[in-house]
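Okay, so here's just one chain, in structure tokens, the form predicted alone.
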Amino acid sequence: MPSDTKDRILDSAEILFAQNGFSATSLRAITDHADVNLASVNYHFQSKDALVQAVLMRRLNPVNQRRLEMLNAILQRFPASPPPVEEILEAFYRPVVEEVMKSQREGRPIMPLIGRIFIEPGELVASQVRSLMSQVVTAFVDAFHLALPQVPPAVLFWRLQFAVGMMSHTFAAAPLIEGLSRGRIRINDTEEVLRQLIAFAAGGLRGAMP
């Protein structure tokens, strides 16, 4: 069926993009992995750029939609007072952490793909990510400004970058972290991971000015 073919192409593209990078993965490699012909890719996606966009949208859009829904619920509860930093952080982190944990349980870990988003050079991926993330970034930066009016905008943005990097590193380096901790840490408990991320990020966001 056409939908099955499209899903196979997306699944194979996601795996190969995560393993080899977006630029280094050819359409021929994707069609071979998906066991489809090149005409199928052209029919469903028209170009590699469009296929990259579809792969990223499939993973990022549901997560970002849930982030915005959680954030809007918080802002509605605090219409005339600063929203709690920890609640905003939970709205930002929880959808990603739960999706990463779910993908690991299902044997389709998405963290390597997310890692590629941050390290892939070139404008192709950067432009796609800017397009997909701009609404979320704007909404959360505005919310943190409400919660932390004393933090200058440039400093706040620096701190938010560190908060994002902390989450990415936690999952990308999970086996290394677990090994170095000598069994003290297991990155497989959603609620514990969220507690630690939120507590550390909240402290950093509220920290004294440099």
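Counting begins at 1, following the sequence as shown. Because the structure is predicted, anything quoted here is derived from the model rather than measured. We call the rigid core the largest set of C-alpha positions that still match within 1.5 Å between the two forms.
We do not show the form predicted together with the DNA, though everything after this point is about it.
*Asks:* By the heavy atom within 4.5 Å rule, which residue out of 70, 57, 156, 27 makes contact with the DNA in the predicted bound form?
*Replies:* Only one option qualifies, and that one is 27.
*Asks:* Work out which of 47, 161, 65, 181 lies within 4.5 Å of the DNA in the predicted bound form, going by heavy atoms.
*Replies:* Contact with the DNA in the predicted bound form is made by 47 alone.
*Asks:* At 4.5 Å between heavy atoms, is residue 39 in contact with the DNA in the predicted bound form?
*Replies:* Contact check for residue 39: yes, within 4.5 Å of the DNA in the predicted bound form.
*Asks:* Pick the stretch from 57-65, 31-39, 144-152, 172-180 whose residues have a heavy atom within 4.5 Å of the DNA in the predicted bound form.
*Replies:* Looking at the other structure, the answer is 31-39.
*Asks:* For residue 69, is the CA shift between this form and the one not shown at least 2 Å following rigid-core superposition?
*Replies:* It does not reach a 2 Å shift.
*Asks:* Superposing on the rigid core, is the CA of residue 20 displaced by 2 Å or more between this form and the one not shown?
*Replies:* Yes; residue 20 is a residue whose C-alpha shifts (by 2 Å or more) between this form and the one not shown when the cores are overlaid.
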